[in-house]
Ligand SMILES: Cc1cc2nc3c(=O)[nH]c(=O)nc-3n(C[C@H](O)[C@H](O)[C@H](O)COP(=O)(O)OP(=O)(O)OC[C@H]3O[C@@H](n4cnc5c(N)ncnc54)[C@H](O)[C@@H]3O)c2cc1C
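Encoded as structure tokens, the following chain is the form predicted on its own, with no partner shown.
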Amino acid sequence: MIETIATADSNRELAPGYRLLTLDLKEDVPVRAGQFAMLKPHASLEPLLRRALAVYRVHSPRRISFLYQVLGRGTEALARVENGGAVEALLPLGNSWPDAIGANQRVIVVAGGIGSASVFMLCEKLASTGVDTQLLFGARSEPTAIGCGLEDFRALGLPLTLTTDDGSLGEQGFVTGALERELLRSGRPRSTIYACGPWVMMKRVAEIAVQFEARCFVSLEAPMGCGFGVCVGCVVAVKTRGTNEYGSYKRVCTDGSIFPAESIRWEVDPIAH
């Protein structure tokens, strides 16, 4: 983990409310698929805290991109960063996507909305290694899909099923419906699911994984102050072995952000509480 001042090479809008920020770093930073960074405009007092963003692409050890949705003060401030602007960066943070285990393993990647940012590097790796992979990409509408990097995912050449809530692009419906159909079609065995998206989507993905006896890993988002385990603002309720009672929590920043889906207490949304 390093703390540095990076330079914005570009910060362009992909679709209304969705942007791609590319940073040039002063030193080599090794980043693994699924890791994230804490970012804010340099010398900005508002907001005070950095914003956690998944690393979207690594172009070189000193050049990385972040795909993000402009939702609050932190991302609004980042959206105002101009080319050549300075950005405070703390990275890389968190764990990474585990490898699918065993020969003949099938992989299904579920990208929901801006959760696509966390799985793009994973898809790059899967596309390069020839693992049997199905990509399920869900968004609210065509502009949302474009803003969430759809064209980058298409360029990887992975088999792709696209769903939109309003039917403006791809199939109309939720991406979880496509997941159920894919598991029914493939006949269940030896599937590993990787998912990132809204909490309610991943809750349903976790339920489907149990139903079809598939391994499932999810990347979680939670309110985060520091990003390295001190503030404990990002805890998520997890199951305690041997009991269904509450009382066990893990930090999304240092214990995750990627967890086995079966370990999470999905009825406790860390964003809503």
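The first residue of the sequence shown is number 1, and the count goes up from there. The structure presented is a predicted model; accordingly, all values stated were derived computationally and were not measured.
Missing here is the form predicted together with this ligand; even so, the following discussion is about that form.
Heavy atom within 4.5 Å of this ligand in the predicted complex: which of M224, V238, C216, V29 fits that? Just give me the one.
Looking at the other structure, the residue within range turns out to be M224.
A33, I208, I64, L67: which sits within 4.5 Å of this ligand in the predicted complex by any heavy atom?
Only one listed residue qualifies here, and that residue is L67.
Look up in the predicted complex whether A139 has a non-hydrogen atom within 4.5 angstroms of this ligand, and give yes or no.
Although this ligand is absent here, A139 would stay clear of it in the predicted complex, with no heavy atoms inside 4.5 Å.
Give a yes or no for Q105: in the predicted complex, does one of its heavy atoms lie within 4.5 Å of a heavy atom belonging to this ligand?
Q105: no, not in contact with this ligand in the predicted complex.
So, in the predicted complex, is I114 in contact with this ligand at a 4.5 angstroms heavy atom limit?
Yes, I114 lies within 4.5 Å of this ligand in the predicted complex.
Do S186 and this ligand come within 4.5 Å of each other in the predicted complex, heavy atoms counted?
Contact check for S186: no, nothing within 4.5 Å of this ligand in the predicted complex.
Out of the stretches listed (128-136, 71-79, 177-185, 84-92), which one is close to this ligand in the predicted complex, meaning heavy atoms within 4.5 Å?
Correct option: 71-79.
Where, within 39-58, is there a heavy atom within 4.5 Å of this ligand in the predicted complex? Residue list please.
Sequence-ordered list: R51, A52, L53, A54.
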